[in-house]
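One chain comes next, on its own, written out as structure tokens in the form predicted on its own.
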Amino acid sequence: MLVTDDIKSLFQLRPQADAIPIDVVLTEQLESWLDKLTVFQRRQLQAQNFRAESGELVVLVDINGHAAHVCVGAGKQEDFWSAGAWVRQLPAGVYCLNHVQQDFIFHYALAWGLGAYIFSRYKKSSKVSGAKLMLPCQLDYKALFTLIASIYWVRDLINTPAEDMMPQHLFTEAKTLAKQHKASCKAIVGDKLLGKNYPAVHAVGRGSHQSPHLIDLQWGNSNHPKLTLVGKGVCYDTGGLNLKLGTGMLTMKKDMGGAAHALALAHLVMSHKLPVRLRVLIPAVENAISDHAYRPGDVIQTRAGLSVEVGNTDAEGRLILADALTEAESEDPDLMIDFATLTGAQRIAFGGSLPAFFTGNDKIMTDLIRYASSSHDPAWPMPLFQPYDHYLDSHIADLSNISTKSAHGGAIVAALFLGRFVQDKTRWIHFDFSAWNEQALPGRPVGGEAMALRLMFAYLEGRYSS
């Protein structure tokens, strides 16, 4: 989570007169742009058949054969994410963006930094070439570096195999974060969860030899508005006795992606010293199979006093979140946000790259749509459609943890389940996302990914900084 020297080394912070310019060229601008170049430069582009199509990159040389200019094709629409590929394609040197809008430079720099990410904990990996992007003096370096470091941290946490990222490891990460920001951090562990009335967290986690945790980090002035973040921390999900197929378990180390997002967002909030009283709650468990595992058909209690019939042990995330949300509610927060890799239905509806969010507050929904656009960090609203609430009916308990009426609308039904543990008056946002890149794109390698993190920090900064 710290801003590392490796991140800083990707950038040139002092002006350098001989920095190599990078021109981003739209297809429709190609002819007029070529007219501004020398004959020598145009001939080089012609020799390489440069058409300004998306993804094209040509390094022009001077008469001595040294790199002198970079031409990047943008196709029909400029995309700052392309810089995530440049950092690996360009030879060592210092580069500067030419004719780019000032407010867009930050995003190009972000993509440049994210494109250099390597998860190298378990293998020797080659570093990027040594290309540096020169940043203008007026750019907020601290904000840029802190954001890149936070996204690296999310990726690292999710990419780490479950054996090295169990509840106790998440607790260690949270304690390290708390120490950095002079926050407090504690955890309720194992059977103590029953004594402290977190029965659903205990029920899901009791099947593993890795003790379940309820991690609780707090920071800030108690007189400031209360902001509570809740992150789903299922460190590995076998599906429980409703066992997943083998292929379905390959990426289940990512099922603690919600916890990773809550911690990273907390890091951004504390780094920027937003005037809030922050609390982070992470129910952390392994959903494992053993003679202690909870079963389909069991009725478990929750902190809220509601009983839940277990229709499927693979719908475990909503159970542990229920206890955490109930605790979060107890302080009457100004805003409550939960992050969860909750449903396959969300990915079926939106694909793996577009997060869904739910809120019963129309103003918050409108604001999030606006900030998603301005931060270039997409997320899409979904409805808390109350006519589906009866899908959660159970004959023997207060509710079921899955729909008992229909196989459709799974993401909505899961959100409605969580809503049973949130009061109507509470300003609450629920995120359901994959936290995983299924294919490599510029700046976004295959593996763990921060989704809606930039959006949510921009929203919180706008909400509380003023």
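So that there is no doubt, residue numbering starts at 1 and follows the sequence shown. None of the values given here were measured: they were computed from a predicted structure.
From this point on, the text means the form predicted in complex with a small molecule, which you will not see here.
Using a 4.5 angstroms threshold between heavy atoms, Ile402 counts as touching the small molecule in the predicted bound form.
Within 4.5 Å of some heavy atom of the small molecule in the predicted bound form lies at least one heavy atom of Asn312. In the predicted bound form, the small molecule sits within 4.5 Å of a heavy atom belonging to Arg318.
In the predicted bound form, at least one heavy atom of Lys244 sits within 4.5 Å of the small molecule.
Site annotation in the predicted bound form: the residue of Leu193, Leu114, Ala356, Leu342 reaching within 4.5 Å of the small molecule with a heavy atom is Leu342.
For the residues Asp338, Asp255, Glu286, Asp323, the 4.5 Å heavy atom test against the small molecule in the predicted bound form is passed only by Asp255.
Heavy atoms within 4.5 Å of the small molecule in the predicted bound form belong, among the stretches 263-271, 358-366, 391-399, 236-244, to residues of 236-244.
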